[in-house]
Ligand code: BES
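Listed next as C-alpha coordinates is one chain, alone, in the form predicted on its own.
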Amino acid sequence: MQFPVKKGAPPGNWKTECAILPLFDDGPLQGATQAFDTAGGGRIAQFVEEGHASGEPGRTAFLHGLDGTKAANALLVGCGKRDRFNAKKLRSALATAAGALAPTGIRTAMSYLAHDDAAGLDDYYAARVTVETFRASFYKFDELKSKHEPKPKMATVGLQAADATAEERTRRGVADGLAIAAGVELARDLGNLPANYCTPAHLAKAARGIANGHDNFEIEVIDERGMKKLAMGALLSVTHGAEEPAQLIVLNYRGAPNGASPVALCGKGITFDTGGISIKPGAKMDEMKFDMCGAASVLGAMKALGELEAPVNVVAIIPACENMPGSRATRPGDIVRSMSGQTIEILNTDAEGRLILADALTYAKRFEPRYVIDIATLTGACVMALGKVYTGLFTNDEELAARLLDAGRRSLDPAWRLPADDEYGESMKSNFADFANLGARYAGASSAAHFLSRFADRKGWAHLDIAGTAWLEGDRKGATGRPVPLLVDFLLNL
(Lines give C-alpha, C1' and ligand atoms only; values in the text may rest on other atoms or scores of the structure.)
Protein backbone atom coordinates (compact mmCIF):
# COMPACT_ATOMS: atom_id res chain seq x y z
CA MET A 1 0.00 0.00 0.00
CA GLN A 2 1.32 3.43 -1.00
CA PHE A 3 0.80 6.74 0.76
CA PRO A 4 1.52 9.62 -1.63
CA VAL A 5 1.63 13.19 -0.28
CA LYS A 6 -0.07 15.99 -2.20
CA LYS A 7 0.96 19.57 -1.51
CA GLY A 8 -1.29 22.62 -1.70
CA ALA A 9 -4.66 23.02 -3.44
CA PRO A 10 -7.95 23.06 -1.51
CA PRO A 11 -9.54 19.76 -0.44
CA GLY A 12 -11.44 18.26 -3.35
CA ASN A 13 -8.94 19.29 -6.01
CA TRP A 14 -7.10 15.96 -6.01
CA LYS A 15 -8.44 13.18 -8.18
CA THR A 16 -9.36 10.10 -6.18
CA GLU A 17 -11.93 7.32 -6.10
CA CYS A 18 -12.83 8.15 -2.52
CA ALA A 19 -12.36 11.07 -0.15
CA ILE A 20 -12.34 9.95 3.50
CA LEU A 21 -13.99 12.77 5.47
CA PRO A 22 -14.57 13.25 9.19
CA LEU A 23 -18.08 13.89 10.45
CA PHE A 24 -18.40 15.32 13.96
CA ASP A 25 -21.63 15.27 15.93
CA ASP A 26 -21.30 18.69 17.57
CA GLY A 27 -21.99 21.64 15.31
CA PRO A 28 -21.85 22.34 11.58
CA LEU A 29 -19.54 20.79 9.04
CA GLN A 30 -15.95 21.98 9.39
CA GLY A 31 -12.55 21.76 7.74
CA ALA A 32 -12.15 19.47 4.75
CA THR A 33 -15.71 18.16 5.04
CA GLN A 34 -17.08 21.71 4.79
CA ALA A 35 -14.80 22.43 1.82
CA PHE A 36 -16.11 19.35 -0.01
CA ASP A 37 -19.67 20.30 0.88
CA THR A 38 -19.24 23.83 -0.44
CA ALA A 39 -17.65 22.61 -3.67
CA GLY A 40 -20.40 20.00 -4.07
CA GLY A 41 -23.27 22.42 -3.63
CA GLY A 42 -24.27 21.38 -0.12
CA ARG A 43 -24.81 17.71 -0.86
CA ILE A 44 -23.01 16.47 2.26
CA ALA A 45 -25.01 18.70 4.61
CA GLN A 46 -28.23 17.56 2.92
CA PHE A 47 -27.13 13.92 3.16
CA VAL A 48 -26.55 14.33 6.89
CA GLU A 49 -29.81 16.21 7.46
CA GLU A 50 -31.73 13.39 5.76
CA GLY A 51 -30.26 10.97 8.32
CA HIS A 52 -28.04 9.00 5.94
CA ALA A 53 -24.86 9.78 7.89
CA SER A 54 -24.00 10.44 11.52
CA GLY A 55 -21.10 11.75 13.55
CA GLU A 56 -21.47 8.86 15.99
CA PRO A 57 -18.10 7.08 16.37
CA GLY A 58 -17.92 3.88 14.33
CA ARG A 59 -20.61 4.95 11.84
CA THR A 60 -19.77 5.24 8.14
CA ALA A 61 -21.71 6.20 5.03
CA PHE A 62 -20.76 6.39 1.36
CA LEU A 63 -21.91 9.34 -0.70
CA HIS A 64 -21.57 8.73 -4.43
CA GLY A 65 -20.90 11.43 -6.94
CA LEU A 66 -19.65 14.79 -5.68
CA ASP A 67 -20.01 17.37 -8.44
CA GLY A 68 -17.57 20.23 -8.11
CA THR A 69 -14.81 18.00 -6.72
CA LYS A 70 -12.42 15.48 -8.21
CA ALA A 71 -13.51 12.75 -5.80
CA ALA A 72 -15.76 10.08 -7.29
CA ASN A 73 -17.11 9.19 -3.84
CA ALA A 74 -16.94 10.31 -0.23
CA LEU A 75 -16.74 8.09 2.82
CA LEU A 76 -18.13 9.94 5.82
CA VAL A 77 -16.68 8.60 9.08
CA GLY A 78 -18.28 9.35 12.45
CA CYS A 79 -15.71 10.88 14.79
CA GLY A 80 -17.77 11.95 17.81
CA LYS A 81 -17.27 15.37 19.36
CA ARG A 82 -14.65 17.51 17.69
CA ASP A 83 -13.26 18.92 20.95
CA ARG A 84 -12.68 15.36 22.21
CA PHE A 85 -11.10 14.07 19.00
CA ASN A 86 -7.55 12.96 19.80
CA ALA A 87 -4.86 10.66 18.47
CA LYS A 88 -6.53 7.50 19.80
CA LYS A 89 -9.85 8.48 18.25
CA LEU A 90 -8.12 9.32 15.00
CA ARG A 91 -6.68 5.82 14.94
CA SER A 92 -10.13 4.38 15.64
CA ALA A 93 -11.65 6.46 12.85
CA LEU A 94 -8.91 5.37 10.43
CA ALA A 95 -9.50 1.71 11.32
CA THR A 96 -13.25 2.22 10.80
CA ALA A 97 -12.59 3.76 7.39
CA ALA A 98 -10.27 0.90 6.42
CA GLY A 99 -12.92 -1.62 7.44
CA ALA A 100 -15.53 0.13 5.29
CA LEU A 101 -13.23 0.33 2.27
CA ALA A 102 -11.88 -3.22 2.44
CA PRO A 103 -14.88 -5.05 0.90
CA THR A 104 -15.31 -2.50 -1.90
CA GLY A 105 -13.48 -2.38 -5.20
CA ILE A 106 -12.04 1.03 -4.42
CA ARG A 107 -8.31 1.21 -5.11
CA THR A 108 -7.39 4.82 -4.30
CA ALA A 109 -8.46 7.17 -1.52
CA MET A 110 -7.46 10.46 0.07
CA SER A 111 -7.73 10.71 3.84
CA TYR A 112 -8.76 14.02 5.40
CA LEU A 113 -9.41 12.59 8.86
CA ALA A 114 -6.43 14.42 10.34
CA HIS A 115 -6.91 17.54 8.19
CA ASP A 116 -6.75 20.91 10.00
CA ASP A 117 -5.02 19.31 13.00
CA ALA A 118 -8.37 18.07 14.30
CA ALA A 119 -6.73 15.41 16.49
CA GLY A 120 -4.12 17.73 17.97
CA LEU A 121 -1.32 15.94 16.12
CA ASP A 122 1.40 17.56 14.06
CA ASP A 123 1.74 16.57 10.42
CA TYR A 124 4.43 14.01 11.17
CA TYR A 125 2.48 12.00 13.73
CA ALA A 126 -0.80 12.31 11.83
CA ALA A 127 0.87 10.74 8.81
CA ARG A 128 2.52 8.03 10.93
CA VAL A 129 -0.75 7.09 12.59
CA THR A 130 -2.48 6.96 9.20
CA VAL A 131 0.12 4.67 7.67
CA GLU A 132 0.43 2.35 10.65
CA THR A 133 -3.34 2.06 11.09
CA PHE A 134 -4.12 1.29 7.46
CA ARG A 135 -1.32 -1.25 7.25
CA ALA A 136 -2.48 -2.92 10.46
CA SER A 137 -6.11 -2.92 9.32
CA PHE A 138 -5.28 -4.74 6.10
CA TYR A 139 -2.91 -7.26 7.71
CA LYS A 140 -3.89 -10.92 7.36
CA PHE A 141 -2.05 -14.08 8.30
CA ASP A 142 -3.30 -16.91 6.12
CA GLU A 143 -0.09 -18.31 4.64
CA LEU A 144 -0.68 -21.73 6.19
CA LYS A 145 -4.25 -22.04 4.88
CA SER A 146 -4.85 -24.12 1.79
CA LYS A 147 -6.96 -21.33 0.31
CA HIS A 148 -5.99 -17.69 0.71
CA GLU A 149 -8.64 -15.06 1.30
CA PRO A 150 -8.99 -12.45 -1.48
CA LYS A 151 -6.88 -9.41 -0.76
CA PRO A 152 -8.58 -5.99 -0.61
CA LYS A 153 -8.01 -3.92 -3.74
CA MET A 154 -7.09 -0.78 -1.82
CA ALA A 155 -3.61 0.20 -3.00
CA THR A 156 -3.19 3.93 -2.34
CA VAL A 157 -4.16 6.25 0.50
CA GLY A 158 -3.13 9.83 -0.21
CA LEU A 159 -2.45 12.59 2.32
CA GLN A 160 -2.64 16.34 1.74
CA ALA A 161 -0.10 18.84 3.04
CA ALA A 162 -0.83 22.55 3.26
CA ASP A 163 2.67 23.82 2.39
CA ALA A 164 6.30 22.79 1.92
CA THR A 165 6.99 22.52 5.66
CA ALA A 166 3.94 20.35 6.22
CA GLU A 167 4.87 18.28 3.17
CA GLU A 168 8.34 17.53 4.59
CA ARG A 169 6.90 16.50 7.95
CA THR A 170 4.18 14.41 6.34
CA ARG A 171 6.64 12.59 4.09
CA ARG A 172 8.85 11.86 7.09
CA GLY A 173 5.84 10.54 8.97
CA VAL A 174 4.93 8.30 6.04
CA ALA A 175 8.48 6.94 5.81
CA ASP A 176 8.69 6.22 9.53
CA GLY A 177 5.18 4.77 9.54
CA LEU A 178 6.00 2.41 6.70
CA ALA A 179 9.15 1.19 8.48
CA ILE A 180 7.32 0.70 11.78
CA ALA A 181 4.49 -1.08 9.98
CA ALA A 182 7.00 -3.41 8.33
CA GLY A 183 8.50 -4.17 11.73
CA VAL A 184 5.09 -4.76 13.30
CA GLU A 185 4.12 -7.11 10.47
CA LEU A 186 7.31 -9.12 10.88
CA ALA A 187 6.67 -9.42 14.62
CA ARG A 188 3.06 -10.48 13.97
CA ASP A 189 4.09 -13.02 11.34
CA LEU A 190 6.65 -14.59 13.66
CA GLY A 191 4.22 -14.63 16.57
CA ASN A 192 1.40 -16.13 14.54
CA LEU A 193 3.50 -18.99 13.20
CA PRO A 194 2.98 -22.23 15.14
CA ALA A 195 5.84 -23.67 17.12
CA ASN A 196 6.49 -26.44 14.60
CA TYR A 197 7.38 -23.68 12.11
CA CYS A 198 8.77 -20.93 14.34
CA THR A 199 11.59 -22.78 16.09
CA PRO A 200 14.68 -21.16 17.61
CA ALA A 201 16.43 -21.84 14.30
CA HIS A 202 13.63 -20.02 12.46
CA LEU A 203 14.11 -16.95 14.65
CA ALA A 204 17.82 -17.06 13.81
CA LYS A 205 16.94 -17.30 10.12
CA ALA A 206 14.67 -14.26 10.43
CA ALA A 207 17.49 -12.32 12.09
CA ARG A 208 19.88 -13.29 9.30
CA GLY A 209 17.29 -12.09 6.78
CA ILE A 210 17.28 -8.66 8.43
CA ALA A 211 21.08 -8.53 8.49
CA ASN A 212 21.39 -9.59 4.86
CA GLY A 213 18.65 -7.25 3.66
CA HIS A 214 19.98 -4.01 5.15
CA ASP A 215 23.27 -2.19 5.63
CA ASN A 216 25.05 -1.66 8.94
CA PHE A 217 24.15 -5.04 10.47
CA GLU A 218 26.34 -7.77 11.88
CA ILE A 219 24.98 -11.05 13.19
CA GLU A 220 26.30 -13.86 15.35
CA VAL A 221 24.32 -16.93 16.37
CA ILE A 222 25.78 -18.76 19.36
CA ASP A 223 24.93 -22.45 19.70
CA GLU A 224 24.61 -24.49 22.89
CA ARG A 225 28.31 -25.35 22.88
CA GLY A 226 29.10 -21.64 22.81
CA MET A 227 26.61 -21.02 25.61
CA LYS A 228 28.36 -23.61 27.74
CA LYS A 229 31.67 -21.84 27.17
CA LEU A 230 30.00 -18.63 28.30
CA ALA A 231 28.73 -20.43 31.42
CA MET A 232 25.09 -19.64 30.60
CA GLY A 233 23.72 -22.18 33.04
CA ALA A 234 20.40 -20.40 33.54
CA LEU A 235 19.57 -20.32 29.83
CA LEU A 236 20.73 -23.90 29.26
CA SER A 237 18.65 -25.18 32.16
CA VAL A 238 15.48 -24.17 30.31
CA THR A 239 16.34 -25.99 27.10
CA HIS A 240 17.50 -29.28 28.72
CA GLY A 241 14.22 -31.09 27.98
CA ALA A 242 13.93 -29.93 24.37
CA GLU A 243 15.22 -31.62 21.23
CA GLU A 244 15.28 -28.32 19.32
CA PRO A 245 18.69 -26.71 19.93
CA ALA A 246 18.72 -23.34 21.65
CA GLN A 247 20.08 -20.30 19.81
CA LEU A 248 21.51 -17.09 21.21
CA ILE A 249 20.99 -14.49 18.50
CA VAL A 250 23.15 -11.35 18.60
CA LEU A 251 22.10 -8.85 15.93
CA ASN A 252 24.14 -5.65 15.94
CA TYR A 253 22.99 -2.51 14.11
CA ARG A 254 25.42 0.39 13.75
CA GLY A 255 23.77 3.54 12.47
CA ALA A 256 25.77 5.97 14.62
CA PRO A 257 29.54 6.44 15.00
CA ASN A 258 31.40 3.57 16.66
CA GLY A 259 32.05 5.60 19.78
CA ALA A 260 28.34 6.04 20.52
CA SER A 261 27.14 3.65 23.21
CA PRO A 262 24.45 1.28 21.91
CA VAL A 263 21.04 0.47 23.28
CA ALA A 264 20.69 -3.24 24.07
CA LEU A 265 17.32 -4.89 23.43
CA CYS A 266 16.92 -8.35 25.01
CA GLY A 267 13.89 -10.27 23.75
CA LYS A 268 12.51 -13.42 25.36
CA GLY A 269 12.37 -16.12 22.68
CA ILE A 270 10.60 -19.14 24.15
CA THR A 271 9.17 -20.54 20.92
CA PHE A 272 6.90 -22.86 22.89
CA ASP A 273 6.34 -22.98 26.62
CA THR A 274 4.81 -26.14 28.08
CA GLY A 275 5.93 -25.05 31.53
CA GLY A 276 8.47 -27.90 31.54
CA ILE A 277 8.15 -30.34 34.46
CA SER A 278 5.84 -27.77 36.12
CA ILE A 279 3.56 -28.35 33.17
CA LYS A 280 0.79 -25.92 32.33
CA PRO A 281 -2.90 -26.87 32.21
CA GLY A 282 -4.09 -27.87 28.75
CA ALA A 283 -6.62 -25.06 28.30
CA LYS A 284 -5.22 -22.33 26.03
CA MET A 285 -1.76 -23.91 26.02
CA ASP A 286 -1.78 -23.37 22.25
CA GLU A 287 -1.27 -19.69 23.00
CA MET A 288 2.16 -20.49 24.36
CA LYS A 289 3.45 -20.24 20.80
CA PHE A 290 3.23 -16.50 21.54
CA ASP A 291 5.83 -16.79 24.29
CA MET A 292 8.48 -15.63 21.83
CA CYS A 293 6.75 -12.33 21.10
CA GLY A 294 9.43 -10.45 23.03
CA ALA A 295 11.99 -11.78 20.56
CA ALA A 296 9.63 -11.08 17.65
CA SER A 297 9.15 -7.46 18.73
CA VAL A 298 12.90 -6.93 19.01
CA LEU A 299 13.40 -8.32 15.50
CA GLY A 300 10.56 -6.11 14.27
CA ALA A 301 12.20 -3.05 15.79
CA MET A 302 15.54 -3.97 14.22
CA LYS A 303 13.92 -4.36 10.82
CA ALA A 304 12.37 -0.90 11.16
CA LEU A 305 15.74 0.60 12.09
CA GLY A 306 17.31 -0.99 9.04
CA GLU A 307 14.54 0.33 6.77
CA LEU A 308 15.06 3.85 8.13
CA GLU A 309 18.86 3.72 8.36
CA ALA A 310 18.30 5.26 11.79
CA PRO A 311 21.28 7.11 13.34
CA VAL A 312 21.53 4.95 16.47
CA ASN A 313 23.54 1.94 17.60
CA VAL A 314 21.41 -0.97 18.81
CA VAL A 315 22.32 -4.53 19.69
CA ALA A 316 19.58 -7.15 19.87
CA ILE A 317 20.22 -10.14 22.12
CA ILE A 318 17.67 -12.93 21.77
CA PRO A 319 17.89 -16.14 23.81
CA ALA A 320 15.69 -18.58 21.87
CA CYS A 321 14.68 -22.06 22.99
CA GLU A 322 11.75 -24.30 23.87
CA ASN A 323 10.64 -25.17 27.39
CA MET A 324 9.71 -28.85 27.23
CA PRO A 325 9.33 -31.73 29.70
CA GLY A 326 11.52 -34.80 29.23
CA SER A 327 14.00 -37.08 30.94
CA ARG A 328 16.72 -34.42 30.74
CA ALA A 329 14.47 -31.51 31.75
CA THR A 330 15.33 -29.34 34.70
CA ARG A 331 13.37 -30.33 37.83
CA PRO A 332 11.85 -28.20 40.58
CA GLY A 333 14.50 -27.98 43.30
CA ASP A 334 17.45 -28.04 40.88
CA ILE A 335 20.04 -25.31 41.32
CA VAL A 336 21.75 -23.67 38.34
CA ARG A 337 24.59 -21.19 38.06
CA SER A 338 23.96 -18.22 35.82
CA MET A 339 26.52 -16.50 33.61
CA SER A 340 26.79 -13.81 36.29
CA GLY A 341 27.99 -16.43 38.77
CA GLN A 342 24.83 -16.15 40.89
CA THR A 343 23.07 -19.41 41.70
CA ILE A 344 19.33 -19.90 41.32
CA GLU A 345 17.07 -22.50 42.89
CA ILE A 346 14.40 -23.54 40.39
CA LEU A 347 11.17 -23.72 42.37
CA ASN A 348 9.00 -23.75 39.26
CA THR A 349 10.19 -24.59 35.76
CA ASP A 350 7.36 -22.48 34.32
CA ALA A 351 9.16 -19.36 35.56
CA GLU A 352 11.62 -19.84 32.73
CA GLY A 353 11.60 -16.54 30.86
CA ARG A 354 13.47 -14.80 33.64
CA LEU A 355 16.13 -17.51 33.51
CA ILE A 356 16.98 -17.09 29.85
CA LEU A 357 16.85 -13.30 30.19
CA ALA A 358 19.17 -13.43 33.20
CA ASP A 359 22.01 -14.70 31.03
CA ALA A 360 21.06 -12.41 28.12
CA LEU A 361 21.21 -9.38 30.43
CA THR A 362 24.61 -10.46 31.72
CA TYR A 363 25.86 -10.96 28.17
CA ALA A 364 24.60 -7.48 27.19
CA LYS A 365 27.07 -5.83 29.58
CA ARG A 366 29.99 -6.61 27.28
CA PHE A 367 28.62 -4.02 24.83
CA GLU A 368 28.76 -1.28 27.49
CA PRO A 369 25.26 -0.12 26.52
CA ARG A 370 23.72 3.23 27.31
CA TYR A 371 20.41 1.53 28.04
CA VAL A 372 19.35 -2.10 28.38
CA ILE A 373 15.69 -2.93 27.79
CA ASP A 374 14.33 -6.45 28.02
CA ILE A 375 10.99 -7.32 26.46
CA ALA A 376 9.13 -10.44 27.52
CA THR A 377 5.78 -12.14 27.82
CA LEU A 378 6.79 -12.73 31.40
CA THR A 379 3.92 -12.95 33.88
CA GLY A 380 0.22 -13.61 34.03
CA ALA A 381 0.25 -11.24 37.00
CA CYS A 382 0.91 -8.34 34.62
CA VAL A 383 -2.12 -9.35 32.55
CA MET A 384 -4.25 -9.35 35.69
CA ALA A 385 -2.94 -5.91 36.64
CA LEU A 386 -3.08 -4.10 33.29
CA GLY A 387 -5.17 -6.28 30.99
CA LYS A 388 -4.63 -5.95 27.25
CA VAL A 389 -4.25 -2.16 27.23
CA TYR A 390 -0.89 -1.27 28.78
CA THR A 391 2.52 -2.89 28.67
CA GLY A 392 4.05 -3.14 32.14
CA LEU A 393 7.13 -0.97 32.58
CA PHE A 394 9.60 -1.61 35.38
CA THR A 395 12.71 0.48 35.96
CA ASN A 396 14.52 2.36 38.70
CA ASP A 397 15.89 4.87 36.19
CA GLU A 398 13.67 7.95 36.19
CA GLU A 399 15.01 9.38 32.93
CA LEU A 400 14.59 6.08 31.10
CA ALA A 401 11.10 5.66 32.53
CA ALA A 402 10.10 9.10 31.22
CA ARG A 403 11.54 8.38 27.77
CA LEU A 404 9.72 5.06 27.45
CA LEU A 405 6.41 6.38 28.76
CA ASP A 406 6.60 9.33 26.35
CA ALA A 407 7.38 6.99 23.47
CA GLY A 408 4.37 4.87 24.38
CA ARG A 409 2.07 7.89 24.40
CA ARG A 410 3.39 9.23 21.10
CA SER A 411 3.21 5.87 19.35
CA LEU A 412 -0.23 4.92 20.78
CA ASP A 413 1.51 1.83 22.19
CA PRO A 414 1.25 2.76 25.87
CA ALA A 415 3.09 1.46 28.90
CA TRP A 416 2.24 1.82 32.58
CA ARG A 417 4.91 1.97 35.23
CA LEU A 418 4.87 -0.60 38.02
CA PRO A 419 7.31 -0.99 40.95
CA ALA A 420 10.29 -3.32 41.20
CA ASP A 421 11.68 -2.24 44.58
CA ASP A 422 13.98 -4.41 46.68
CA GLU A 423 11.11 -5.47 48.91
CA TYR A 424 9.73 -7.54 46.04
CA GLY A 425 12.84 -9.70 46.12
CA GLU A 426 12.51 -10.73 49.75
CA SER A 427 10.15 -13.62 49.02
CA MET A 428 12.71 -15.17 46.63
CA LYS A 429 15.18 -16.02 49.38
CA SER A 430 16.52 -19.56 49.22
CA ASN A 431 18.08 -21.80 51.86
CA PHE A 432 20.17 -23.54 49.21
CA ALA A 433 21.08 -20.99 46.52
CA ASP A 434 21.64 -17.26 46.22
CA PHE A 435 17.92 -16.89 45.51
CA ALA A 436 14.99 -18.72 43.93
CA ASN A 437 13.32 -18.12 40.58
CA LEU A 438 9.90 -17.64 42.15
CA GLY A 439 8.53 -15.49 44.93
CA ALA A 440 5.20 -15.06 46.67
CA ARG A 441 2.09 -15.43 44.53
CA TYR A 442 1.08 -11.78 44.96
CA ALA A 443 2.73 -8.98 42.95
CA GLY A 444 4.21 -11.60 40.63
CA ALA A 445 5.03 -9.09 37.88
CA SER A 446 7.03 -6.94 40.29
CA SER A 447 8.92 -9.85 41.86
CA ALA A 448 9.78 -11.16 38.37
CA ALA A 449 11.07 -7.72 37.41
CA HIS A 450 13.13 -7.55 40.59
CA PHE A 451 14.62 -10.96 39.74
CA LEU A 452 15.78 -9.56 36.38
CA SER A 453 17.21 -6.46 38.01
CA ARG A 454 19.75 -8.69 39.80
CA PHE A 455 21.41 -9.30 36.42
CA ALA A 456 21.37 -5.72 35.12
CA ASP A 457 22.91 -2.46 36.21
CA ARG A 458 20.13 -0.58 37.96
CA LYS A 459 20.94 2.61 36.06
CA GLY A 460 19.85 2.42 32.45
CA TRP A 461 17.84 -0.83 32.68
CA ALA A 462 14.13 -1.32 32.01
CA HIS A 463 11.86 -4.33 31.72
CA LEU A 464 8.75 -4.38 29.52
CA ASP A 465 6.25 -7.12 30.42
CA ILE A 466 4.11 -7.65 27.32
CA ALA A 467 2.21 -10.73 28.52
CA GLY A 468 -1.04 -8.80 28.16
CA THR A 469 -0.31 -6.84 25.01
CA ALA A 470 1.61 -9.24 22.76
CA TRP A 471 -1.46 -11.05 21.45
CA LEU A 472 -5.25 -10.92 21.35
CA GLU A 473 -7.74 -13.68 22.03
CA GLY A 474 -11.15 -14.72 20.69
CA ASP A 475 -12.27 -13.73 17.18
CA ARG A 476 -9.27 -11.41 16.83
CA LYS A 477 -6.79 -14.01 18.07
CA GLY A 478 -3.27 -13.31 16.91
CA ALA A 479 -0.06 -11.43 17.60
CA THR A 480 -0.29 -7.65 17.84
CA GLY A 481 3.31 -6.70 17.09
CA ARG A 482 3.50 -4.63 20.26
CA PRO A 483 5.69 -3.01 21.49
CA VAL A 484 7.47 -2.41 18.15
CA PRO A 485 5.97 1.12 17.79
CA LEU A 486 7.01 2.07 21.33
CA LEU A 487 10.56 0.74 20.85
CA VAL A 488 11.12 2.42 17.50
CA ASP A 489 9.69 5.73 18.69
CA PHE A 490 11.95 5.56 21.74
CA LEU A 491 15.03 4.84 19.59
CA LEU A 492 14.21 7.51 17.01
CA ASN A 493 13.87 10.13 19.75
CA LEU A 494 17.22 9.45 21.46
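The first residue of the shown sequence is 1; numbering continues from there. Please read all numbers here as calculations on a predicted model, not as lab measurements.
Quick note: we don't show the form predicted in complex with this ligand, though the next part is all about it.
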Among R370, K151, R208, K280, which has any heavy atom within 4.5 Å of this ligand in the predicted bound form?
-> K280
What is the one choice in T395, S111, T239, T377 with a heavy atom within 4.5 Å of this ligand in the predicted bound form?
-> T377
Please check if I222 has a heavy atom lying within 4.5 Å of any heavy atom of this ligand in the predicted bound form.
-> no
So in the predicted bound form, does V174 come within 4.5 Å of this ligand, heavy atom to heavy atom?
-> no
So in the predicted bound form, does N348 come within 4.5 Å of this ligand, heavy atom to heavy atom?
-> yes
Spell out, yes or no, whether the shortest heavy atom distance between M428 and this ligand in the predicted bound form is within 4.5 Å.
-> no
Where does this ligand sit in the predicted bound form: which of 428-436, 464-472, 53-61, 33-41, heavy atoms within 4.5 Å?
-> 464-472
Heavy atom within 4.5 Å of this ligand in the predicted bound form: which residues of 255-292 qualify?
-> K268, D273, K280, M288, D291
